[in-house]
Structure formats: C-alpha cells, structure tokens
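Given next, in structure tokens, is a single chain: the form predicted on its own.
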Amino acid sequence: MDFAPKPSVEEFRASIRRFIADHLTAEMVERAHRTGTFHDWDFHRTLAATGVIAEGMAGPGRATGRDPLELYVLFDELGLAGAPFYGLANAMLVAGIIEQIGSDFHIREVLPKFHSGEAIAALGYSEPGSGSDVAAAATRAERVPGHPGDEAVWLVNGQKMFTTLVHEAGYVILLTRTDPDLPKHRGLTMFLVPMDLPGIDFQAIETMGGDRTNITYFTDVHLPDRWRLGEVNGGWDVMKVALAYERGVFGNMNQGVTLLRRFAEWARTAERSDGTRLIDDPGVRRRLARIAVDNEITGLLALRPALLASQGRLPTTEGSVAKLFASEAYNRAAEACQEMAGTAGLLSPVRGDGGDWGFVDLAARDAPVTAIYGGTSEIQRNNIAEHRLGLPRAR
C-alpha cells in the first residue's frame, strides 16, 4: 500500500506553512492563550482572502471544492503552529452546511460573509441538561400564529452550553425542539440565528484547559422562517453532516505531537538531582516512544475520514474512531509527561524572557477537555458500537 500523499496535497501543505510563517505572530498566539479566545480576526480574514473558505470542501451534494485531504492538512498545520483557528473551523463547517442544504436566501445573503471572513458562527448544540446527547435538545422553537400569507415566525426559548466563540460570532447554528411528541431524533429543526436579534444573551465560562466558552440564553427570540436550515423536524439530518465533519476533517487531533516535541526538547536539557539528563533515562525514552506510536496511529486514523470525504462519502463512524483514539491517547501522553517531569510538570503556564514554561501543566489540564468536546468518549463508543459493530442500543 502506498502511503505517500498526493503531490497536490503536499504542495498545499507547503503553501500553508509559508502562510503561517508570514502571517502568524507570537502576539496572536500569546493573546489567544491569555484570553482563552482562539480566534484572531486579522489572521482569519487574511486567510479567508486566500479563498480557503470560499473553495470549501468537496463532498456529498457538491461537485467542486477543495480536497478534504487538503483541509486535513490545513488544520493539521494550524494546530501544530498553535494558530487560533477555531473561528475558521466553525466558519468552514457552517458554510459547508449552507452550500449543501441552504436556501437561496442563505446562499445569497449569508454565505458570502463566511467566504470573505467577515463573519464566523458558533455551534449551538449541547445544553446544560443533556451535554453530548445533542438529540435530547430541549431548546424550544414554536410557530407564532400570524396572518395568512405572512412569513412564518418561530419563537425560540432555551439555553445552549459550550457555545465557543459566540462572543465573536455573527451567527449561531441552533438545534431546536419543534415537535416534542415525536421521537427525540425526529422532532428537531436546525436554524441559523443572527446574534443581533433581541432576546439573545451569553455568559463566559472559563475551562480548566484555558479556553473560553459560553452559555447562551434565548428568551422569546422571534426568528423568521427564512433562517431555518433544512426541513421542519429534519434537524437531525443536518446534525449528522455537521458532526461527521467536526469529528473528522475539521477536528484538531495533533495535540499529542506538539506535547511530545516540546517535552523531548525540554528533557534533553533538564537535569536530575544526580546530574544526569532526563532524556538519558531508558524509562523516559520508552514512555516517549509509546507516545510517538500513539501519535502515529492518531494521524492515520484522522486521515481515514478525510480520505472518505475526498471520495464523496460521509465519514460518520470513522470520525468517531479517530476522535476517540486521539483524545484518549492525548490524555495518556499528558499524564505520562507530568509524571516524568515531576515537580516541573506542576508549574503554571508563564511566558517571559526565559522562554515558555508550564506546557506540561497546560497539557494536563487541556487533555481531559478533548474527551468531552465534539462528543464525549462515551458517546463515541456508543456510536461505534451501534453503527459499526451492530451492537444493540444500551439505553
């Protein structure tokens, strides 16, 4: 089997590396970590100007678009460089949904704002009472009686948790309950909601990994029907597309690579009490080798959904497999590095003239979060068990 990447993919990787070298600054990275907001408008708009969002992704329902293998490379390189790219991922995800199932209104009035980098979106899936079980959404959208011939209006009430970047976003893609009498997967409808509508508010939440996320409140929000995405009570069909790409092509799964590189570099100079270098300990090298193996497996698993998407297929289960292994491996790596570092692994992140410190502690706090966002590890296991292994539902 030939694992060599296509020449076009490698050319694209080289172009992204040049872009990062030319446009990503240390100040952008530092500001993202200091504020917890992993989005920078200057970097985002400059990248959007290259056409990377407008070119989109080839896939089901679209004849043209950038090869998903190239998008895998894009987010792989951005992640390795520590670039604040969360807004880009959200914008490309929502733009892709609009391109596939959006109305003429969405394509004419909204899509150009995503393509140009003028706007980004937040993801309104999870709720305080249901977490990763997004199909249990209770945020209600009810039709408001009106005059015959008028555009239908929906009244939206509820809360969404983990709406990252909603404080920067122009829109939130919102999963709502429109028919409580139907089975939970069938009574859902998706909307694209402008954030400037009356009745929307949000509150910041700081995570232990250093990211800022938000809880967003919808109180008697009057939403015209033109903002609906897909069919009434067909929101789960939209959701499946969004989750497949979020857990696959758009997923950031290379945190373990960055951690290994930084730890190995530090271990070459770190001395123990007996004067020997940490890297000279055979036990340390053995554990680092284990992390390297896990990183290699993660990379191959992450390539699988990108490859399927490049063939026009929807990588549902493959995205879950990659996301599950990547987050679990990163947790193992962070725990191992903190044990090997000893007291140095407990230092809080501080940046100064002496360099960037505390990366082990930061990884130890960031790793558990990766097993939650994008669907918890338990949700991924259920998805794999039911849809790939054919096991009965456990609930």
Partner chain sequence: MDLELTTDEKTVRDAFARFFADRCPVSVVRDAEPLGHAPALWARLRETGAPGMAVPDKHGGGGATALDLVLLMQEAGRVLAPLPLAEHLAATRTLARTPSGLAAPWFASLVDGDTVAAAAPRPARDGVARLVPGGAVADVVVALDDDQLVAVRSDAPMEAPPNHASAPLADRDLRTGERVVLADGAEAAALFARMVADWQLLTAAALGGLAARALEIGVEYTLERRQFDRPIAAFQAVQQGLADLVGPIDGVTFLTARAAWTQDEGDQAESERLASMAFLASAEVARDATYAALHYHGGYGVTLEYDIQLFFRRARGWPLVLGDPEDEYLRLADRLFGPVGAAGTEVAG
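Positions refer to the first chain, counted from 1. Keep in mind that this is a model prediction, so the values were computed, not measured.
We do not show the form predicted in complex with its partner chain, though everything after this point is about it.
Quick one: in the model of the complex, does every one of I205, G283 and N295 get a heavy atom within 4.5 Å of its partner chain?
All three within 4.5 Å in the model of the complex.
With a cut-off of 4.5 Å between heavy atoms, is E77 one of the residues that contacts its partner chain in the model of the complex?
Result no; E77 lies far from its partner chain in the model of the complex.
Look up in the model of the complex whether I53 has a non-hydrogen atom within 4.5 angstroms of its partner chain, and give yes or no.
I53: no contact with its partner chain in the model of the complex.
Since only the chain is shown here, I'm wondering whether T46 would be in contact with its partner chain in the model of the complex (any heavy atom pair within 4.5 Å).
No - in the model of the complex, heavy atoms of T46 and its partner chain never come within 4.5 Å of each other.
Do E151 and its partner chain share at least one heavy atom pair within 4.5 Å in the model of the complex?
No, E151 sits far enough from its partner chain in the model of the complex that none of its heavy atoms falls within 4.5 Å.
Using a 4.5 Å heavy atom cut-off, which residue among I173, V241, L165, V321 comes into contact with its partner chain in the model of the complex?
Result of the distance check: V321.
Which of L260, L155, I200, A81 has a heavy atom within 4.5 Å of its partner chain in the model of the complex?
Contact residue from the list: L260.
Taking 4.5 angstroms as the heavy atom distance cut-off, pick the stretch from 219-227, 122-130, 89-97, 104-112 that is near its partner chain in the model of the complex.
In the other structure, the partner sits against 122-130.
What residues of 316-337, in sequence order, lie within 4.5 Å of its partner chain in the model of the complex by heavy atom?
Heavy-atom contacts within 4.5 Å come from V321, L324, F325, N331, E335.
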